[in-house]
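Let's start with one chain on its own, the form predicted alone, as structure tokens.
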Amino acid sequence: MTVPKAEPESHDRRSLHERIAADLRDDIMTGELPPGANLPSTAQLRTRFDASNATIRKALQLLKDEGLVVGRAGAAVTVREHRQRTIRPAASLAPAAPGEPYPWLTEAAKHGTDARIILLDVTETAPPADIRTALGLQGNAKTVLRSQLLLIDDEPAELVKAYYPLNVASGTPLAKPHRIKGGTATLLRQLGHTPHHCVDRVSARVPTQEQFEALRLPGNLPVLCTLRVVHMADGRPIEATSMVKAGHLYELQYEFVPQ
């Protein structure tokens, strides 16, 4: 009877198969293993990580559950096509041209994907503390909240919650439970609240229960959270948006011009 190989001691308290999956996940996200590439064989992985076949299989199963690789027992395991996406936040800030769809949909279509947006809810609510601070609200002041789920190829890509002060949104299409043609950036301009600049705060967090379920996350993986605050030319904030994406599938790309 074969005795399973003892796992080496490590300061990393994760199981060995979780650590192996983490290293392979990084190879995928950095492009060392590009879409369509075969992962090293079980024998090669066993040598690289000094692990048993069973441990390697458990690591690969994690990556399969996350949708990063595909394959079956006895066959090559391959990095899935179009799984790692680079999001360019600035691309969604420009107003849509007349008759054009929301910029996020246009940007997603450039990658040959089917993108759509589900409007989950539109309601008046007291926002969480970070949104309240971002919008400069006092006490229990309420906002209009528009919650949406963005999907790519019918898979959840981003959970979006956009908050607007009542003096901006009340009595406007922002407060109605309908999609906004051309996106909110276009509408804000039409309402006389022309966005001048945005400030993004990006962090990695453990997902909440709502985020876990909405994004159909496969396991205990971090989410990438962006809090975007949109300001007018006089500095007044007119929108604060929380955008949450699966951390193992997306990266953000910002471009800057040196001053």
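Please read these numbers as outputs of a predicted model, since none were measured by experiment. Position 1 is the first residue in the sequence shown; the rest follow in order.
Form predicted together with the DNA: not shown, discussed below.
- The listed set P195, P207, P40, P218 contains one residue whose heavy atoms approach the DNA in the model of the complex to within 4.5 Å, identified as P40.
- Taking a 4.5 Å heavy atom cutoff to the DNA in the model of the complex, the contact residue among L119, A126, A76, L166 is A76.
- Within 4.5 Å of the DNA in the model of the complex, a heavy atom is found for none of G67, R80 and R85.
- Looking at L16, you'd find a heavy atom of it within 4.5 angstroms of the DNA in the model of the complex.
- Among heavy atoms of G71, some come within 4.5 Å of the DNA in the model of the complex.
- For the chain shown alone, V199 is not a contact residue for the DNA in the model of the complex, no non-hydrogen atom being within 4.5 angstroms.
- Using a 4.5 angstroms limit between non-hydrogen atoms, R48 is distant from the DNA in the model of the complex.
- Only one listed stretch (187 to 195, 218 to 226, 53 to 61, 28 to 36) carries heavy atoms within 4.5 Å of the DNA in the model of the complex, and that stretch is 53 to 61.
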